[in-house]
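First, one chain by itself in structure tokens, the form predicted on its own.
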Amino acid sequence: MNRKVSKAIFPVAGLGTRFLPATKSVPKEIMTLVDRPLIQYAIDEARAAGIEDFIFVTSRGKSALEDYFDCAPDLEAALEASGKTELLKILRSTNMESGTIAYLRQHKALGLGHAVSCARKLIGDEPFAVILPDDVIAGETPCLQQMVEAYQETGGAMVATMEVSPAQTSSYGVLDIKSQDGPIVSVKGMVEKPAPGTAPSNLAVIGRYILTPQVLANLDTIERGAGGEIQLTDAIAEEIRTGRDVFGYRFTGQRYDCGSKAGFLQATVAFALARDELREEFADFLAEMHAVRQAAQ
């Protein structure tokens, strides 16, 4: 059996410029879907997959992330005194135990590969996960948990993948497929943001990875790729070039690109409708809005 995946890297150093002016003072990862910040969905998914050590690669201006996962004694005391036990339980679920979470600074914006490499000393010689909080994935079984279970059988490196339209492939890392066995795809190549019409497939890499320490070593030797950045996709592709196994995992679930405004709004609607206490009132509102729009046309 392959080694347990117990560490996860969360690259959260980005400036979130697509959400300005909100992100002038609030890290994008703290922006909320219904009543939870994006980063909480990522943490919950990691916990469900058995992750025990959480590594945040941050940048200047991200201190709100540290505050969010810290204890709030005054707020807890106020909730307890007022008998709001359910809210207190929810609040305490966001606390992270001392020693389970670490924060590192990415001093230069050199890409996702560089952000991941910043955590190398905390990873050591263990397999590890990478979770991009912008990709929020709703599913009966959390995406990373699906991948960890598959990884126990396959080993190697593994990326989450999903089909996108041919017009969208130039925005993603794209897989060149060798073979497929159920949800597991054996990969013979990866291309980061291929030029339109040149993608080897329409299977795009989504922001969930299970990687080996060798990928960290590859990040030291590869040249800068698309956009002049150190691309994680290129370091994974080096695994293939040197004869090591790389797999894609076609997860079951709905992915929302919360790095875009449209994707964030779509996720907000979907997660609101999934909540029992919000569904009826919110669905009625959406129906009224649709009726108004139809009448206006």
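Throughout, we count residues from 1 along the sequence that is shown. Everything numeric in this text was worked out from a predicted model, so none of it was measured.
Unshown form predicted together with a small molecule; subsequent notes refer to it.
This chain is drawn without the small molecule; in the predicted bound form, the residue among Ile206, Val215, Ile210, Cys143 with a heavy atom within 4.5 Å of it is Ile206. Residue contact with the small molecule in the predicted bound form: Leu112 places a heavy atom within 4.5 Å of it.
In the predicted bound form, the small molecule sits within 4.5 Å of a heavy atom of Leu132. Taking non-hydrogen atoms only, Gln231 approaches the small molecule to within 4.5 angstroms in the predicted bound form.
Residue contact with the small molecule in the predicted bound form: Lys193 places a heavy atom within 4.5 Å of it. You can rule out all but one of 82-90, 67-75, 147-155, 132-140: in the predicted bound form, only 132-140 has residues with a heavy atom within 4.5 Å of the small molecule.
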